[in-house]
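Read the single chain below, which is given as structure tokens and is the form predicted on its own.
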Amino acid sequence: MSFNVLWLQSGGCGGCSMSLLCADTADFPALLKDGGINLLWHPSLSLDNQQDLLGLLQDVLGGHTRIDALCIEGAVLRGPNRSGRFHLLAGTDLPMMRWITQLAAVATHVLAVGSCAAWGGISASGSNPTDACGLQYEDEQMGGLLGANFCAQGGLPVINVAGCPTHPGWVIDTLMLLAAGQFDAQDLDPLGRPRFYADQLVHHGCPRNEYYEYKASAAQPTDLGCLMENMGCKGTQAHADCNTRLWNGDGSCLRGGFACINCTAPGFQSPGHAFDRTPKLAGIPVGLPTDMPKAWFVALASLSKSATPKRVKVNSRSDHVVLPPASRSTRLR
């Protein structure tokens, strides 16, 4: 039996769909088919027109077509005045938020694809004039559109496949695990994110790890050094496997020279400081590695900096390798 997936786009940029198209395959439809996934509708991938979609939605709500996974991309726009009329589903006079509520009630599983759908994300930043929120969260607070106590018919809360954008592998793997019946409540972290990627840190596999170990920090964006101390990097706090599961098999934010902004977490869009600056207290970064007490970090940083090799120190403040590693025999004598 096929695993039916319905994908609707709410208030967002469409970046998660663009990311999905970068899945590691030369034949995207065949990838889904091999995983037993039947894509009922996707706004960019489906050939059916809008009238076909409206007919499909009526069949779903009438109990004639089963939804195994309802995927929502983009934040829910509840304005103005909680009417939802900032976003009407094309071809209807009904707010998208009403369609989502009705469809979520009959879906076996509900997935928030991307941080906008999960927490509100970029769509809810600033003064949030559209009253955007996530499906089951409003930034860090549970609630959102569906409410804190919502559970889909399969027994799970909203599965927050968070990221800005979310990695195609996170979406595909989640759907395939659900289709295979190998995903349950213990596979979700405390924020409802799939643990297969959320139990990792962006710091794992970072190409700048040697500079981090010696606390040899970059002073400007083009430097090779660690971006944590001065350039706003939150890779030691961000839950994702970005540097071990690369985009297009080749890239990540840090590999492209950009600091991690912790885009899989609620509230990332409004950190209270410039994204490219690290807030400090008495010269110590406010955001420290999640598992390390402040005193330990200060002691470790002091020892590391005192032991930094000249090569690492010089290269950390350059845009290219100035001093290569020394060539020495490693044979035992």
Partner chain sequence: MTRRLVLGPFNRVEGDLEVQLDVADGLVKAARVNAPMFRGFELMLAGREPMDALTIVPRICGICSVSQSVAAARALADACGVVAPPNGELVTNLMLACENLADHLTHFYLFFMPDFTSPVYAGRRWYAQAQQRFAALAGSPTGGGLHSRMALAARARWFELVGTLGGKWPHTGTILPGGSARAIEATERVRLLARVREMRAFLEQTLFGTPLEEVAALHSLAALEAWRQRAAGSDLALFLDIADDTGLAALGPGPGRYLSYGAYAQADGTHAFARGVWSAAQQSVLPLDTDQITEDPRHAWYAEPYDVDVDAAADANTCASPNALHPSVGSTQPQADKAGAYTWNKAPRLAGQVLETGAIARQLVDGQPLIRAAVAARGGCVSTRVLARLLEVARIVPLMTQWLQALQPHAPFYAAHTLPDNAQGVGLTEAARGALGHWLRIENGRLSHYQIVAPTSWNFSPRDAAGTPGALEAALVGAPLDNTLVVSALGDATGNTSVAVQHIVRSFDPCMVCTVH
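Residue numbers count along the first chain shown, from 1. Everything numeric in this text was worked out from a predicted model, so none of it was measured.
Keep in mind that the form predicted together with its partner chain is missing from the display, and what follows is about it.
Engineer: Does at least one non-hydrogen atom of Q269 fall within 4.5 angstroms of its partner chain in the predicted complex?
Structural biologist: Heavy-atom contact with its partner chain at 4.5 Å: present for Q269.
Engineer: Closest heavy atom of I261 to its partner chain in the predicted complex, within 4.5 Å or not?
Structural biologist: It does: once its partner chain is placed as it appears in the predicted complex, I261 has a heavy atom within 4.5 Å of it.
Engineer: Is G35 one of the residues lying within 4.5 Å of its partner chain in the predicted complex, judged by heavy atom distances?
Structural biologist: G35 lies outside the contact set for its partner chain.
Engineer: With a 4.5 Å heavy atom cut-off, would you call G251 a contact of its partner chain in the predicted complex?
Structural biologist: The answer is yes: G251 has a heavy atom within 4.5 Å of its partner chain.
Engineer: Please identify the residue among H87, K215, H239, R245 with any heavy atom within 4.5 Å of its partner chain in the predicted complex.
Structural biologist: Comparing distances to its partner chain in the predicted complex, the residue within 4.5 Å is H87.
Engineer: Scan K280, H64, R277, K294 and let me know which has any heavy atom within 4.5 Å of its partner chain in the predicted complex.
Structural biologist: Looking at K280, H64, R277, K294 one by one, just R277 meets the 4.5 Å heavy-atom criterion.
Engineer: Are all three of N230, P285 and P289 close to its partner chain in the predicted complex, meaning a heavy atom of each within 4.5 Å?
Structural biologist: Heavy-atom distance to its partner chain in the predicted complex: none of the three under 4.5 Å.
Engineer: Please pick out the stretch from 181-189, 76-84, 197-205, 134-142 that is in contact with its partner chain in the predicted complex, where contact means heavy atoms within 4.5 Å.
Structural biologist: Contact criterion met by 76-84 only.
Engineer: Where, within 113-135, is there a heavy atom within 4.5 Å of its partner chain in the predicted complex? Residue list please.
Structural biologist: Heavy-atom contacts to its partner chain in the predicted complex: I122, S123, S125, G126, S127, P129, T130.
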